[in-house]
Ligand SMILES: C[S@@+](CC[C@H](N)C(=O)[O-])C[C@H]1O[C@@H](n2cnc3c(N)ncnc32)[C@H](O)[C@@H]1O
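In the form predicted on its own, a lone chain appears below as structure tokens.
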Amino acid sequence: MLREAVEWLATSSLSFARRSGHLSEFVAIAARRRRHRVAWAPHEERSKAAVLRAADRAETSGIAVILGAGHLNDVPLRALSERFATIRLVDVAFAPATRRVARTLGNVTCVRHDVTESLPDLAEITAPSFLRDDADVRFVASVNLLSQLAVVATRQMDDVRADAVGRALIEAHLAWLRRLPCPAALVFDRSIEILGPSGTVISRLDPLKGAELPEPDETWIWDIAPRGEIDVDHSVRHIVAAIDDLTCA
């Protein structure tokens, strides 16, 4: 807990993130990864490979933008920095380690921005305008972000309202990606499975709240909460999917 408290203080974030709980969740994700580094490693490597494969579709002379890059564990930053002239990392918060790596590489900047452009009050949810008119952007990737857009923002809502708001945020994000004037890659949670003591699936949840997506180019399993993280009998895994370019899918 002491380490998490220090990280909360040391992490650069948008001002509302400290009040809303987004920064606390950001720090908690890092703590969960430390507990399950081995279990998470295959997912992180598949995410990186998917982003690099998608990046092959893009021109390399301009800017690449990576959304949800605050921790960098699932982003192949060094490889991307060699392919593109400039890299912009976008998130509501950035770990100190991420900022250090960005400074070291030289052509990487950390941009604190709410990609929904609807937080914290959610008074209106529409497709954001961020990047829509930036002709220098050659590639955008939304990495393990889609299902997280509403997690913190809807915690105090009843289930019906939370699902409606969550779906609206997800659909607005997808609509925005589809309208970008460059390849737009998407790595996202497609399904959540809860496993019982025998290792069989006893329940499935829809992290997309009913939002529809085209068939992915690739899927894999992320053992996000091995047995013991939630309780001694159950574990949770995500079915993760990758779409190389949502603008033409």
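Note that this is a predicted model, so its numbers are computed, not measured. A residue's number is simply how far along the shown sequence it sits, counting from 1.
This next part talks about the form predicted together with the ligand, which is not shown.
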item	value
Candidate site Ala55, Ile87 and Arg132: all three near the ligand in the model of the complex by heavy atom within 4.5 Å	no
In the model of the complex, the residue from Ile221, Ile29, Ile192, Leu213 that sits within 4.5 Å of the ligand by heavy atoms	Ile29
Residue among Ala184, Val65, Val51, Ala69 with a heavy atom within 4.5 Å of the ligand in the model of the complex	Ala69
Heavy atom contact within 4.5 Å of the ligand in the model of the complex, the stretch among 133-141, 156-164, 101-109, 88-96	88-96
Contact flag, Arg78 vs the ligand in the model of the complex, heavy atom cut 4.5 Å	no
4.5 angstroms heavy atom contact with the ligand in the model of the complex for Glu171	no
Residue contact check: His22 to the ligand in the model of the complex, 4.5 Å heavy atom	yes
4.5 angstroms heavy atom contact with the ligand in the model of the complex for Ile125	no
Any residue of 86-116 that, in the model of the complex, places a heavy atom within 4.5 Å of the ligand	Asp91, Val92, His113, Asp114, Val115, Thr116
